[in-house]
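Shown here is one chain on its own, the form predicted on its own, set out as structure tokens.
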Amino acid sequence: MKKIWEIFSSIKTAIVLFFLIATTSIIGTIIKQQPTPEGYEKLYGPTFTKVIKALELYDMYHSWWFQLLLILFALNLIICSIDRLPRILRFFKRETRIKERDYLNSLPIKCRHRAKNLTPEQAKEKVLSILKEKGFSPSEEEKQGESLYLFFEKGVINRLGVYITHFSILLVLIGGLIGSIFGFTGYITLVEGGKSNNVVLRGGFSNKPLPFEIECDKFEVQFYKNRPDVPKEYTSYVKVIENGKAVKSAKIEVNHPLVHRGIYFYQSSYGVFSSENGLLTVKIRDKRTGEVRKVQLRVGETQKVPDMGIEVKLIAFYPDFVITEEGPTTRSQELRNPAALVEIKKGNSTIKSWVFAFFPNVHEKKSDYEVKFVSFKPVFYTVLQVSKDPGVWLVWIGCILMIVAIMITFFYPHRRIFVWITPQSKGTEIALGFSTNRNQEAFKRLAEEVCEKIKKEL
């Protein structure tokens, strides 16, 4: 047990553990934490994918060995703190503040002055007045025979700064462990009108069912006017279903998540599930009369426009139009180059017109009708990032506490001033000793100012 205690109370152990945590964190940054198993095989090959799966590198920060490193580092911090605590606590004891005059020789900054016409009491009042101007009040005052002893102190809490820092790191580690063990991060994919409670965890190697269902009522996406292929914002309108009843409705946007039972649902991405059942809106203008009407159509559907005396039918729609040897087709289901084939029938006359979203001036010139693309709403699917981290508040508290601790450690040094006032045959001698644990040069300048002022006063 003594050997184990020595290992965990060593600074070397802390450095080694910190190095391992930092190195593995870099690995977790390099190796993508979200691809599917197929994605890993494509990126790294089947052999390395097996290594990734065995070591849980696909979700490294939740792996058992990374959690073990955090536990060992936390244990090291606790034992280091306990091992060094007695030395720190002595600064808070009264007996450690009372020093004999010989202690002056061990101090790094000191000065002596003699007052010929002052008694020890008068000299004491001079010293108290000067140090009060510098913001020091006596913490101890004692008579040592015929001599007087004064002790001044500021920033003693600085001695606890390291321990507050250690405690804040422990809070962050404990919060991280709680989140790692009891929390999760994954994704849920919903088609418009569909619902699910199945969360695919990071890496895609496992799933987690939720105690409720999420239903997507509607999905909306808006594009930039000058870049119709670039989304400006996208929104999911969802409901939370528990025991077959809707208990909550929400509008999920980027940076505006839904929170339910401590689980966060963030808008992550989206895609086109199907264009076959999508709704196309076109604008038809009669070139002879100037009349304009908007018509909404689905593939294979016919709409009558009584004002114009025509029937409009959507024969085909291509989300990503391209012409191949076989004829017109689509390269993908994404709206990258939307095009539609529209049929306009008036009496016995039938006209077919191509409509292009990004090339609005392409149409049948011989036709009496101009057809323009307005919009197309396919059936979308939305991808929500699902996250639960019950330890996040401990992490936040630890971070705030760490900032406070660092400020205390570096900006509020522990400063001590020892004063011995001794009567002598030719007057009174005043000896001052100064000690600080940080920023000694700045304190040395302050000490020189105090000594010089006492010299002038005496």
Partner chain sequence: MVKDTVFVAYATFTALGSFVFYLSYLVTKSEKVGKIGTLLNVATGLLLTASMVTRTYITIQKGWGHAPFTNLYESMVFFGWSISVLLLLFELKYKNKTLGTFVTPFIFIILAYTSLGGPGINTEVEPLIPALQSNWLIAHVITAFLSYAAFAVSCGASIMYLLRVNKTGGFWDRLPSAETLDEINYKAVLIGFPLLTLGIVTGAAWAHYAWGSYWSWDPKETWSLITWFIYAAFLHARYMRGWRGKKAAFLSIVGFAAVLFTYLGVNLIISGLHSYA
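Here, rigid core means the biggest group of C-alpha atoms that superpose within 1.5 Å across both forms. Residue numbers count along the first chain shown, from 1. Just so you know, these numbers come straight off a predicted model, no measurement behind them.
What comes next is about the form predicted together with the partner chain, which does not appear here.
Asks: So which stretch, 380-388, 330-338, 121-129, 104-112, is the one near the partner chain in the predicted bound form (non-hydrogen atoms, 4.5 Å)?
Replies: After filtering at 4.5 Å, what remains is 380-388.
Asks: In the predicted bound form, which of the listed residues (H166, K313, R285, K195) lies with a heavy atom within 4.5 Å of the partner chain?
Replies: Of H166, K313, R285, K195, the residue with a heavy atom within 4.5 Å of the partner chain in the predicted bound form is H166.
Asks: Name the single residue among F151, Y234, W354, F373 that comes within 4.5 Å of the partner chain in the predicted bound form, judging by heavy atoms.
Replies: Filtering the options by heavy-atom distance leaves Y234.
Asks: How about F92: is it within 4.5 Å of the partner chain in the predicted bound form, going by heavy atoms?
Replies: So F92 does not count as contacting the partner chain.
Asks: Would L43 count as touching the partner chain in the predicted bound form under a 4.5 Å heavy atom rule?
Replies: Flag for L43 set to no.
Asks: When the contact criterion is heavy atoms within 4.5 Å, does L55 count as touching the partner chain in the predicted bound form?
Replies: No, no contact at 4.5 Å.
Asks: Since only the chain is shown here, I'm wondering whether L446 would be in contact with the partner chain in the predicted bound form (any heavy atom pair within 4.5 Å).
Replies: Heavy-atom contact with the partner chain at 4.5 Å: absent for L446.
Asks: Can you work out whether the partner chain is within 4.5 angstroms of a heavy atom in all three of F48, P209 and I397 in the predicted bound form?
Replies: No residue of the spot touches the partner chain in the predicted bound form.
Asks: Since the partner is left out here, which residues of 4-25 would have a heavy atom within 4.5 Å of the partner chain in the predicted bound form?
Replies: Heavy-atom contacts to the partner chain in the predicted bound form: I11, K12, I15, F18, F19, I21, A22, S25.
Asks: Rigid core fitted, then: does P423 show a CA shift of 2 angstroms or greater between the shown form and the other one?
Replies: Moves: no, less than 2 Å.
Asks: Using the core for the fit, does the CA position of R90 change by 2 Å or more between the shown form and the other one?
Replies: No, because once the rigid core is superposed, the C-alpha of R90 moves less than 2 Å between the shown form and the other one.
Asks: State yes or no: after fitting on the rigid core, is the Cα displacement of A74 between the shown form and the other one at least 2 Å?
Replies: It does not reach a 2 Å shift.
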